[in-house]
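The chain below stands alone and is given in structure tokens; this is the form predicted on its own.
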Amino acid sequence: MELLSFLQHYWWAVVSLLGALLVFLLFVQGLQSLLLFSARTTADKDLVCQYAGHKWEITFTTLVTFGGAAFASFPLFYSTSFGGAYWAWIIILLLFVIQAISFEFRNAVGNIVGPRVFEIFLFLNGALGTFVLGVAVGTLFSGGAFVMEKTAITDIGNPAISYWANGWHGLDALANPFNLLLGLVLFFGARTLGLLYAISKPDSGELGNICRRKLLPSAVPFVLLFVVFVVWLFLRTGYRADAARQFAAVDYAYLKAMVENPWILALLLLGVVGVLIGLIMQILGKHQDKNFYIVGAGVVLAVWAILMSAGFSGNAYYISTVSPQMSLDLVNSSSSLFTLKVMAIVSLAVPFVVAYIGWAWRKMR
């Protein structure tokens, strides 16, 4: 594998890993989804906000890092998705902005609207934020209605090289059943992790008992919907470019990507096993202080494998539903060799960043 191709795959793996870590860290949003209908007393609501408030910055930082890594390594994808399907991303951004201000002002002196308003904001971030983010990620497999005209960059009046072929600008993703399914998977997955996190805390008290009662109604839909999603993903038709760089439809494209890269399939299987083991031990009442991390590790591995399958083995990871020949894969959407090489050198600092996150995690308890 030549250096450019190696770096393209390397950075897709890095971006996918950041996406997988983000999905795990959405347990903060899962916690917030308890605020309106589960945590009823002020003490329980304060505890939810305390648990989530100590971690939300890590989730938000990972979201920004994910977007930054995608921009630096695959700028054409970034400009097409974030620039064309902007309504979907604006909704996600807005839902995360109201989260930030809610933690600051919920119990602030001079809060004239009361804590209830900001609790509603946190609930919306926890419920809708995870759902809409899942819908947006689903477009990596279902595609988007974009048109690509690279020569337009020379147009001084309108230098955008890609644009949406309809007036929905990303809202059309909400009409795709596959995207909606992934949105539900993320919602129930984040909620399950949030419940496990609260249960693992020794001072959760009555909130912990509430979370134990709520766990099965969240975990069962999460597991079942995830299985349906994976089966549907494996049955989907994708697109791959031939030697002449012409995209052609490929049956079972994402399943083939995993079979052609057995280590990715192994990550998926390990992730699924980890999630099931953690949930089964929780149901049996064993290792309740560790099951959050066991399930979380399984989620990271499974999501990492699924995201990598979108771009590996020549798959087009962003399909144009208007003209498949304009689809994006790792070859036609990446940065230059020089940029990817410089970024690869910088990425050697990642272990130090991970160590800092681990240190900050412990200090924010």
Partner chain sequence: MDSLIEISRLQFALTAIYHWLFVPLTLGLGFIIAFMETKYYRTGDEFWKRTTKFWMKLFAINFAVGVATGIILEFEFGTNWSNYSWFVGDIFGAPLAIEGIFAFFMESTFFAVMYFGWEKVSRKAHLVSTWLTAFGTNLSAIWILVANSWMQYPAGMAFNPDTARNEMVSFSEVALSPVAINKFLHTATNAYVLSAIVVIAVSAWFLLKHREQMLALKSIRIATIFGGISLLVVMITGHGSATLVAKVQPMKLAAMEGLYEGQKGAPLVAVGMLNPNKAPMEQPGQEQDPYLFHLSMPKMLSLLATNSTEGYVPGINDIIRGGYEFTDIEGNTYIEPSFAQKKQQGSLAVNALKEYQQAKAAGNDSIMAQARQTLDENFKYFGYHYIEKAEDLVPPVGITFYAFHIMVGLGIFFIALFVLYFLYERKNRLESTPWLLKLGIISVPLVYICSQAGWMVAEVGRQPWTIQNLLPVNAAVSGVSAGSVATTFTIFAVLFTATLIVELRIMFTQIKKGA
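Numbering follows the first chain given and starts at 1. This is a predicted model, so every value here is computed, not measured.
Form predicted together with its partner chain: not shown, discussed below.
S.K.: Since the chain is shown here on its own, which stretch among 124-132, 70-78, 213-221, 233-241 would lie within 4.5 Å of its partner chain in the model of the complex, judged by heavy atoms?
M.R.: One stretch meets the cut-off, namely 70-78.
S.K.: Heavy atom within 4.5 Å of its partner chain in the model of the complex: which of W56, Y318, W304, F312 fits that? Just give me the one.
M.R.: Contact with its partner chain in the model of the complex is made by W56 alone.
S.K.: Identify which of V272, L94, I294, A145 has a heavy atom within 4.5 Å of its partner chain in the model of the complex; exactly one of them does.
M.R.: Flagged contact: L94.
S.K.: If we define contact as a non-hydrogen atom of the residue within 4.5 angstroms of the partner, is F178 a contact of its partner chain in the model of the complex?
M.R.: Result no; F178 lies far from its partner chain in the model of the complex.
S.K.: Although the partner isn't part of this model, could you tell me whether F6 comes within 4.5 Å of its partner chain in the model of the complex, counting any heavy atom of the residue?
M.R.: F6 lies outside the contact set for its partner chain.
S.K.: Spell out, yes or no, whether the shortest heavy atom distance between S333 and its partner chain in the model of the complex is within 4.5 Å.
M.R.: Yes.
S.K.: Contact between K256 and its partner chain in the model of the complex at 4.5 Å, heavy atoms?
M.R.: Contact with its partner chain, no.
S.K.: For 76-104: residues with a non-hydrogen atom within 4.5 angstroms of its partner chain in the model of the complex?
M.R.: Residues within 4.5 Å: L76, Y78, S79, F82, G83, Y86, W87, W89, I90, L93, L94, V97, I98, A100, I101, E104.
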